[in-house]
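Here you get one chain, nothing else, as structure tokens; it is the form predicted alone.
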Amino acid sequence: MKKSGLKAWLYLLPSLIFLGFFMVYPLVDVLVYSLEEGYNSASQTFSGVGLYNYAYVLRDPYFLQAVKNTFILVIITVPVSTGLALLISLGLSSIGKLRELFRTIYFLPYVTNTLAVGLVFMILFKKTPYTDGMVNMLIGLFGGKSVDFIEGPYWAKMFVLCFYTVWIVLPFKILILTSALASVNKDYYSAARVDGASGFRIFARITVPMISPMLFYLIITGFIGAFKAYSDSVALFGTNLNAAGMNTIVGYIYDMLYGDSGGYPSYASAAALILFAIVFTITVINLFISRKKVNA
């Protein structure tokens, strides 16, 4: 091996050790746990090796409910938050004065504690013996009936969870997209206006292609973040998410490890690897699409 190559590997060695110890080893350990059948956490013994843990998890109604909740959350919040962020970023880009002020205001929810924001949302939507909540008061002003968004129907609770998630992720996406829009060469817009192109055509043919790398970055990270959602549900519905019917895949994994049904690391490991497979598959699909659609 050449001296320069050896020096490069020596520079990389601390990072490789760090990645191996904190990423590769835990992944291998989780895989081993997921294959150990009848694992006893007290004695750290197991009765066999196989795929029973995966079969159990995939038949568990709590896990199936968590998968349903997570997929609904992903399908709704990722496109809605990305679309809203793009519209708001376009509006901010068209503002001359006070642009930085409005950008700061929109970014404030991102630096606010997640549980604190969840508490505010719970106060806004929760019905109590003393009040129906501010949101229900607004619904009543328009002649509608009050709805228990926290302990009521499933779709009412899912609406609050999606609304809350969009609110939390929106500031970061606005920050990224406003920076992307600012980097677009203004000469393209000038040339398009000279040719008589409409505003929508300029947006579709110039703006979107030029910021497409950032859009796909936000979509991919949005999918990954939504699949890992857990604290959002806890902030709104408490720690007993199975009883509320609002658990997520990460919440199910946590419950199997530490919750009321805790002490089953093999089941938790199997659920974690199923989540890993789902996220990995969707990420690969998104990357494959981005190669064809993203303007490099």
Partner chain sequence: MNVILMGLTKHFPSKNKRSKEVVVAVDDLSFEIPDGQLVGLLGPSGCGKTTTLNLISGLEKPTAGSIFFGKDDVTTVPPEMRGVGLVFQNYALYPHMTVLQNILFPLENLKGDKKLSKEEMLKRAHDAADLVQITELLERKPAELSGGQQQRAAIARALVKMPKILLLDEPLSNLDARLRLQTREELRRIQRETGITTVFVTHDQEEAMSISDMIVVMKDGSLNQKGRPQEVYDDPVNLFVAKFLGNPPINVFRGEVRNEKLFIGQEAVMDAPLYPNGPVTVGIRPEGFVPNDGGRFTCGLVGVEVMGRDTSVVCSHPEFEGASIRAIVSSENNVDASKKTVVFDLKPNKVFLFDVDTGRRLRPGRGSR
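Positions refer to the first chain, counted from 1. Predicted model, so just to flag it, every value in this text is computed and none were measured.
The same protein also has a form predicted together with its partner chain, omitted here; what follows describes it.
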| query | finding |
| --- | --- |
| In the predicted complex, segment of 144-152, 113-121, 193-201, 213-221 with a heavy atom within 4.5 Å of its partner chain | 193-201 |
| is_contact(residue 206, its partner chain) in the predicted complex, heavy atom dist at most 4.5 Å | yes |
| In the predicted complex, residue 185 touching its partner chain (heavy atom, 4.5 Å) | yes |
